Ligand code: BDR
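First, one chain by itself: the form predicted alone, in structure tokens.
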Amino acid sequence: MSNPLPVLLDVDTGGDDALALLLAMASPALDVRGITCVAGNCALAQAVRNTLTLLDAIDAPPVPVAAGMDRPILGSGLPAPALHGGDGMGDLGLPAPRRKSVDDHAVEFLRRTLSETAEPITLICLAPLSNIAMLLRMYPGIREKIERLYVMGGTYASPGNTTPAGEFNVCYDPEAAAIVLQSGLPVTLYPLDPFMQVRFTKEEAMRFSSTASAGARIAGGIALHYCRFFGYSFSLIGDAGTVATVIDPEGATVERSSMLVELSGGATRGATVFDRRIVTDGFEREGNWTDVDVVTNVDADRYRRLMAGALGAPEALTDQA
């Protein structure tokens, strides 16, 4: 077995980020070096609390957790989505955390961790990109220590979930998204298109919630919360799909595409715009276009089974997705 991939996760821990953290912490393929938190799905203090609570609940090793940006680069952000519950994590009633966050601001924690590593580290970004944008602006030389960015955000062909054209993470801090996605660093973007493809049924969530695995029980509880909130018979694994793509890239269909983040306009601010025009010799795009790898489709059953297995409850799955 090859050595685990060293990663740092940047989160705004609501329920979907919690599912992603559960998968990342359970997977032997990843070496989680630290977790940074940012405002988004909930206020910064709640995101930190939820992250620490989750790590306690699964008896995780002492992974450092750092609090970062409590608002976007510009403006005051967006209201916390009601879908995540009053505590941002499905109102599961988990005990208050025993562990504490580190004293360093997330940007300084990222700088120090990256600068001290012998090998480049992969960043898994599951939240508004405020922390990562500030890191790149304050310490541009740190880029050489970043192997690749996996970013959950934006849309490719699907409609938005916050505006008609925009996805929440990008819409929350469009300037940060533009800085990071148009930085020239290697980026794999996991947009809403595959985000909507991987799901557990309500029955599967119920089986997760009654297993011996603490991680599976929490995942089941979160999934059941979303089933109740939306009135659906299924729940998405959400941001955990991004982590699954890092662990098992063969399950993802990836296209190389030129894109930018729209910063002006009314209905289009925060949209991820992809240029699908056929390019001929001599063609030059005007503006801040950059090439990224976009996940356009995933093998949903493969990632369902990956997550269920990592959480120690493969028997909870049925043949239905």
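Numbers for residues come from their place in the sequence shown, where the first is 1. What you see is a predicted model; the values in this text were computed from it and never measured.
What follows is about the form predicted in complex with the named molecule, which we do not show.
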### Message
Tell me which stretch of 168 to 176, 109 to 117, 212 to 220, 91 to 99 has a heavy atom within 4.5 angstroms of the named molecule in the predicted bound form.
### Response
168 to 176
### Query
Within a 4.5 Å heavy atom cut-off, is N41 in contact with the named molecule in the predicted bound form?
yes
### Message
Just checking whether A244 would be counted as a contact of the named molecule in the predicted bound form - the rule being heavy atoms within 4.5 angstroms.
### Response
no
### Message
Can you tell me if S233 lies within 4.5 angstroms of the named molecule in the predicted bound form, counting non-hydrogen atoms only?
### Response
no
### Exercise: L192 in contact with the named molecule in the predicted bound form, heavy atom 4.5 Å
yes
#### Entry: The single option of Q197, S158, N161, Q182 touching the named molecule in the predicted bound form, heavy atom within 4.5 Å
N161
### Query
Judged by heavy atom distances of 4.5 Å or less, which residues of 83 to 105 approach the named molecule in the predicted bound form?
H84
